[in-house]
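Only one chain is included here, represented as structure tokens and corresponding to the form predicted alone.
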């Protein structure tokens, strides 16, 4: 998927606060993640993640869907911005839009999405709320390759997050975010170091390379 090399250039797509973007930026800065964020693209002009990008000197843009005749045209503009910044891996970090064929075709097996539930349970935009309303005893996080469906791509990493009896949406979401912040940079690192191998719906994590 990605050759083992010192630095992978990331394009991070966001719609909100960008806490997972920050986790990636921090992992890159610490040297734990052999990558750098080349560009941040927001689907909303008020996405705080764009301010995070600015504070770190990262190129950042809001792309207005209303300025384009179709979703495909919108996605083609995103691809143009990604290519302009030499992006190799696209990370959907709280990006509340379905990515279409222009992005998926430009980045085959190179678009990673993050979702706050144990897929296939509770797909969609309100996963934490849905888990609470359903009375689930556990929920979790899923990192997966994006495909043409909503939260249907091949799964890379999952981890369980327990639901406490006194949880509300805020408290549960806080615990979910902590797990996301741990695993999303790790999933990016696996891709960047060539350790992910997808076989249909199954994704294998290959062992670390040792020796010279």
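Note that the structure is predicted; figures quoted are calculated from it, not measured. Positions refer to the first chain, counted from 1.
Absent from the display: the form predicted in complex with a further copy of the same chain. The rest refers to it.
Trainee: Of 84, 73, 105, 133, which residue is found within 4.5 angstroms of a further copy of the same chain in the predicted bound form when only non-hydrogen atoms are counted?
Mentor: Only one option qualifies, and that one is 133.
Trainee: Mind telling me which stretch in 86 to 94, 73 to 81, 105 to 113, 121 to 129 gets its heavy atoms within 4.5 Å of a further copy of the same chain in the predicted bound form?
Mentor: After filtering at 4.5 Å, what remains is 121 to 129.
Trainee: Classify residue 33 as contacting or not contacting a further copy of the same chain in the predicted bound form by the rule of any non-hydrogen atom within 4.5 angstroms, answering yes or no.
Mentor: No, residue 33 sits far enough from a further copy of the same chain in the predicted bound form that none of its heavy atoms falls within 4.5 Å.
Trainee: Spell out, yes or no, whether the shortest heavy atom distance between residue 203 and a further copy of the same chain in the predicted bound form is within 4.5 Å.
Mentor: Output for residue 203 is yes: heavy atoms within 4.5 Å of a further copy of the same chain.
Trainee: Looking at the partner-bound form in the predicted bound form, is residue 187 within 4.5 Å of a further copy of the same chain by any heavy atom?
Mentor: Although a further copy of the same chain is absent here, residue 187 would stay clear of it in the predicted bound form, with no heavy atoms inside 4.5 Å.
Trainee: Could you tell me if residue 63 has a non-hydrogen atom within 4.5 Å of a further copy of the same chain in the predicted bound form?
Mentor: Output for residue 63 is no: heavy atoms all beyond 4.5 Å of a further copy of the same chain.
Trainee: With the partner left out here, which residues of 134 to 162 have a non-hydrogen atom within 4.5 Å of a further copy of the same chain in the predicted bound form?
Mentor: Heavy-atom contacts within 4.5 Å come from 134, 135, 136, 137, 138, 151, 152, 155, 156, 157, 158, 160.
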